[in-house]
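The chain below stands alone, shown as structure tokens; this is the form predicted on its own.
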């Protein structure tokens, strides 16, 4: 099962052997289980998670009634986490970093930092042309296709365009430390997204 977390930023820690390791700090929850979907109820298994606090005056009466029924405070963000099997959680339960106690590797999913409209040299690492003053071909695309036949650009051609802002999953990140007191998860390496963005964290599917 995956849970919501906030990317705090990056820092470095030292291991017992004295090695300096770059880590990303993830604030894991606490996320509240607001609802459970089943094949009979919604057509599939899923958990509706609430993350962050929200002022009570900013929710409708209907929403306030639902929160009161669950026994939790209003949340700022609601997300749905699908699963193939029925999750072993209950409505109103709080999920935090304790879920990753004893876990060595995790997968983190987030939205990459948007780079805007970029050329092929930056977007696809094209080599480009000569750098001399006499050259008229520096960082340009070059030929985009054939002439009369097929008289079009082939589908999938790498061309300038929007870069970043896409969902990416980094697999098998090593867990350096799980800080229960501050609800922080320290993972080795970088994860997608900028500071203070939401990411999904789950136990690694390829490594244990």
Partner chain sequence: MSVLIKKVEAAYLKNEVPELAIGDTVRATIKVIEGEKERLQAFEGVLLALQGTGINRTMKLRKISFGIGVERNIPVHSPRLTELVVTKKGRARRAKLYYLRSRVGKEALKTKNKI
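Positions refer to the first chain, counted from 1. Since the model is a prediction, treat every value here as computed from it, not as a measurement.
Absent from the display: the form predicted together with its partner chain. The rest refers to it.
Taking 4.5 angstroms as the cut-off for heavy atoms, does residue 158 touch its partner chain in the model of the complex? Answer no; every heavy atom of residue 158 is more than 4.5 Å from its partner chain in the model of the complex.
Partner proximity in the model of the complex: residue 8 to its partner chain, non-hydrogen atom cutoff 4.5 Å: It does: once its partner chain is placed as it appears in the model of the complex, residue 8 has a heavy atom within 4.5 Å of it.
Looking at the partner-bound form in the model of the complex, is residue 186 within 4.5 Å of its partner chain by any heavy atom? Result yes; residue 186 sits at the interface with its partner chain in the model of the complex.
Does the 4.5 Å heavy atom contact test between residue 168 and its partner chain in the model of the complex come out positive? No, residue 168 stays farther than 4.5 Å from its partner chain in the model of the complex.
Within 4.5 Å of its partner chain in the model of the complex, heavy atoms considered, which of 147, 60, 182, 143? None of the other options qualify; the answer is 182.
Considering its partner chain in the model of the complex, find the one stretch among 39 to 47, 52 to 60, 66 to 74, 22 to 30 with heavy atoms no farther than 4.5 Å from it. The contacting stretch is 22 to 30.
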